[in-house]
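Quick setup: one chain, the form predicted alone, written in C-alpha cells, and binding and motion questions come after.
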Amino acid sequence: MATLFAALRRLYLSIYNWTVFIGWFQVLFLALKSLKESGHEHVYNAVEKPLLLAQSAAALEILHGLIGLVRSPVSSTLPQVGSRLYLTWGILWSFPEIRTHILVSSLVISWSITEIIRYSFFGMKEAFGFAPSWHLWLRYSSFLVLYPTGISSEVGLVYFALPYIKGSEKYSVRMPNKWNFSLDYFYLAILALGFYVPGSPHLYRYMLAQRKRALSKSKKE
C-alpha cells in the first residue's frame, strides 16, 4: 500500500508540476511577444488568462504542504502564494487602471522565469528522481535577482493602485448593514504593503538558507 501511495504521489506531482510549468512558459512567451510587438501597456491583456490559471494553481501547494505531499513548510508557502494571489486577483484583475503600468511587465517576467525554473526542477525530480546540477544551481540561485525584482514590482503595483482602490471603494463594506460590520479595502491594501516590510527580508533569508543547504548537499554527493 505504501508503495502504491508513493507511486500515485509521484505521478500526481509530476503532472501538477509539468502542467503549471507549461502555463508559466506560456505567460513568459506571451509577455515577451507583447513587449516586442505592442509595448508594455499590452502585456497584461496578452497574459491574463494563463497568468490567472497558473498563479491560481499555486493555491494547491498550500494543500500539498498541509496533507504532507511535499516537505515545504506551510509557514513559508502560505505568505508567498498568498501575496501572489492578492496581486493577481486583488490588484491586477480587480483594478484595470493599473494593468498598463510598466511594473506589470517586470512582475510577470520575474514571476514566470522563477516558476519555469522551479516547476521544471520539481517536475524532473518527481518524474525521473533527479535533476541536473545546472538545474539545481538555477533553482537555488535565480531568486538572488528575480526575488528583488518581483517583490519591488509587487510593492510598486499595490502602491500605484491605492488611488484607484480608494476612488472605487471596491470590496469595501460600509455601515449600516445587517452584519453590523465594516471593511475598507483601501486600508487593507496599506496593511498588505506593511506586511512586505518584515515579510520580504524574512523570506529572502529563508531562501538563502535553503540555497546554502541544497548546494552544500549537492557538493557532498
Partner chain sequence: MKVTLVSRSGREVIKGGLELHDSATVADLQEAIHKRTKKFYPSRQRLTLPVPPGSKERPVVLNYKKGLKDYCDGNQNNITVVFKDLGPQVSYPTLFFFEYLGPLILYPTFYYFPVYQFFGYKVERVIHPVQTYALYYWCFHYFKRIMETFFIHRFSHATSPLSNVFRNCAYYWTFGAYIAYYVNHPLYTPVSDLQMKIGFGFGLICQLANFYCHIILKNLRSPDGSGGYQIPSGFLFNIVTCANYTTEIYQWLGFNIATQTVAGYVFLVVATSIMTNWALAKHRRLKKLFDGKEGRPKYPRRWVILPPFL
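Residue numbers count along the first chain shown, from 1. So that the term is clear: the rigid core is the largest set of C-alpha atoms that superpose within 1.5 Å between two forms. The structure presented is a predicted model; accordingly, all values stated were derived computationally and were not measured.
Not on display, but discussed next: the form predicted in complex with its partner chain.
**Student:** I need to confirm a contact call. Of 68, 194, 176, 167, which residue comes within 4.5 Å of its partner chain in the predicted complex, counting heavy atoms only?
**Tutor:** Checked against the cut-off, the match is 176.
**Student:** Would residue 38 count as touching its partner chain in the predicted complex under a 4.5 Å heavy atom rule?
**Tutor:** Taking the distances in the predicted complex, the answer for residue 38 is no, it never comes within 4.5 Å of its partner chain.
**Student:** Thinking of its partner chain in the predicted complex, which stretch from 155 to 163, 44 to 52, 59 to 67, 181 to 189 has heavy atoms inside 4.5 Å of it?
**Tutor:** Going by heavy atoms within 4.5 Å, the stretch is 181 to 189.
**Student:** Does superposing the core leave residue 38 with a CA shift of 2 Å or more between this form and the one not shown?
**Tutor:** Where the cores coincide, residue 38 shows only a C-alpha shift between this form and the one not shown that is less than 2 Å.
**Student:** Superposing on the rigid core, is the Cα displacement of residue 179 between this form and the one not shown 2 Å or more?
**Tutor:** Passes the 2 Å threshold, so yes.
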